[in-house]
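Quick setup: one chain, the form predicted on its own, written in structure tokens, and binding and motion questions come after.
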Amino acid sequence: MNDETKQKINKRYERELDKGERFWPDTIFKDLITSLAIFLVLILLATFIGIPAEPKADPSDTSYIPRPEWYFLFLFKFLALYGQLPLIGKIEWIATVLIPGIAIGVLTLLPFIEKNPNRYYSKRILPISIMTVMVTGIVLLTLMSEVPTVSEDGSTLLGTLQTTVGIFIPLTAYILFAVFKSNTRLMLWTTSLAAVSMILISGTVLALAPEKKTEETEVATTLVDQIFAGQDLYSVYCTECHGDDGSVAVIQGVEGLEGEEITPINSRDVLYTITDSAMTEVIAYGRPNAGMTPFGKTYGGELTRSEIDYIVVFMRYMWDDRFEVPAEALKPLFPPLAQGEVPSYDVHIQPIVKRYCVSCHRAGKENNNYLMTSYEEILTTGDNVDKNIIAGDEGSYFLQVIQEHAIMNPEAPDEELIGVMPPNRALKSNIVEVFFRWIMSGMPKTAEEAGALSTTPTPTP
């Protein structure tokens, strides 16, 4: 830039400054107003939209694939594409450090590389072209961040197309920019063709991409939801030994622990002396010497940290008299039956089975192969499937054992074939009545099927 040009720029700057605004306080005030507006927008988004709740981080979950925040997804994808390149893709530090460092360095030095004193966009084609290709690549890599580079059938077509968009086209465009630096028209054509081709190929990739399989994880955010979640989990994993209310002092019906004396976990001796963190560790690690297996995934169990926390919340609020149970958490297990009403599996039986039966009658447990985790399993599984549960038959094994009548072995009259269920304590009479009505009425699955079988008593005049 020669001295004459500098003088013209300085004079123009002084003229604009005289009739324009000062950095202080005018520009600062505008910046403050803009910052406040953005802050209010963030408050509104957080209040009315928010973000989906996620379970607590679990270091033991080996299936979890860590991913960066959205503003780094393009770099995450670039690293994956770079890894597809032969030989060079093995040197990860080039993609993670060197190439981003060069890009940042070029952007930093761009004002020194492109010394054009003009500020009008038509006079600054080189930096605009570079940024157009770069921003287009960043946006498209972000959009394709969920698309795998290798299909399930082993095809590398998607990976090749993505590598073309994220590496080959931008690299070719930058080389051509250096060649056509002095030819504005060729640079504009190069930029347009690069951007359009990247967009079209990315659209093809997104169209061919397999449907993303997402596993929804329910997260209990309110106290009531946490209590219900903990109760469901307790029913599955704990009822077998501790009973539905934690009052069992002598374990019954559990192979290897029959007759084992334990401290009722709903007692003050447990709830008053063990902190939440200690209780969490007991559930996670178990007590191997006492026969309690680990339940935390960290130690080979099935429960995540969040799920164990829900169980602890349930125990505290339902059994610890120092905690006040929310009224919403005391709703009945199932709707009470009216005279002549037939219960259904969906409305009445399922919640009862989940609370009292699934802890033992699920895969991996000693239960005569009788599973109860679904309607179909209740009707079609078990070593005595032809006698377990028979519509309209009071002699069904199921009805007998829940009424505290053990089934004796015909070949050995002094030996029990099926013991009383549940083994730790008898079911309440209203629960037995629900099962009895359901089986005797044909075991309807849905409320609609049960409603068609129900009889409404004739009102007396």
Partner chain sequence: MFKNIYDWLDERLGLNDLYTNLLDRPEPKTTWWNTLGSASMFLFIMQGLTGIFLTVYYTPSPDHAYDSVQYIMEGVAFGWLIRGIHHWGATLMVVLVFVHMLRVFYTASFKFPRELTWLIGIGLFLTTLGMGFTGYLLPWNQKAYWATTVGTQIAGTAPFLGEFILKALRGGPDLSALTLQRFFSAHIWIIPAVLVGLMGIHLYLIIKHGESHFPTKED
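C-alpha atoms forming the largest set that superposes within 1.5 Å between two forms make up the rigid core. Being a predicted model, the structure only gives us computed values, none of them experimental. Residue numbers count along the first chain shown, from 1.
The following text describes the form predicted together with the partner chain, which does not appear among the structures shown.
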- Looking at 232 to 240, 102 to 110, 286 to 294, 167 to 175, which one sits within 4.5 Å of the partner chain in the model of the complex if you count heavy atoms only? 102 to 110
- Should G246 be counted as a contact of the partner chain in the model of the complex, where contact means heavy atoms within 4.5 Å? no
- Query: Is there a heavy atom of A338 lying 4.5 Å or less from a heavy atom of the partner chain in the model of the complex?
  - Reply: no
- Query: So in the model of the complex, does I9 come within 4.5 Å of the partner chain, heavy atom to heavy atom?
  - Reply: yes
- Task: Look up in the model of the complex whether P68 has a non-hydrogen atom within 4.5 angstroms of the partner chain, and give yes or no.
- Result: yes
- Note: exactly one of E394, D31, E416, E433 sits with a heavy atom within 4.5 Å of the partner chain in the model of the complex, namely D31
- Sort through A426, A406, A57, A412 and report the residue having a heavy atom within 4.5 Å of the partner chain in the model of the complex. A57
- Task: Could you run down 92 to 108 and flag each residue that has a heavy atom within 4.5 Å of the partner chain in the model of the complex?
- Result: E92, W93, T96, V97, I104, L107, T108
- With both forms fit on the core, has L42 moved 2 Å or more by CA between this form and the one not shown? yes
- Taking the rigid core as the reference frame, is the Cα of F29 displaced by 2 Å or more between this form and the one not shown? yes
- Message: How about A290 - superposed on the rigid core, does its CA move between this form and the one not shown by 2 Å or more?
- Response: no
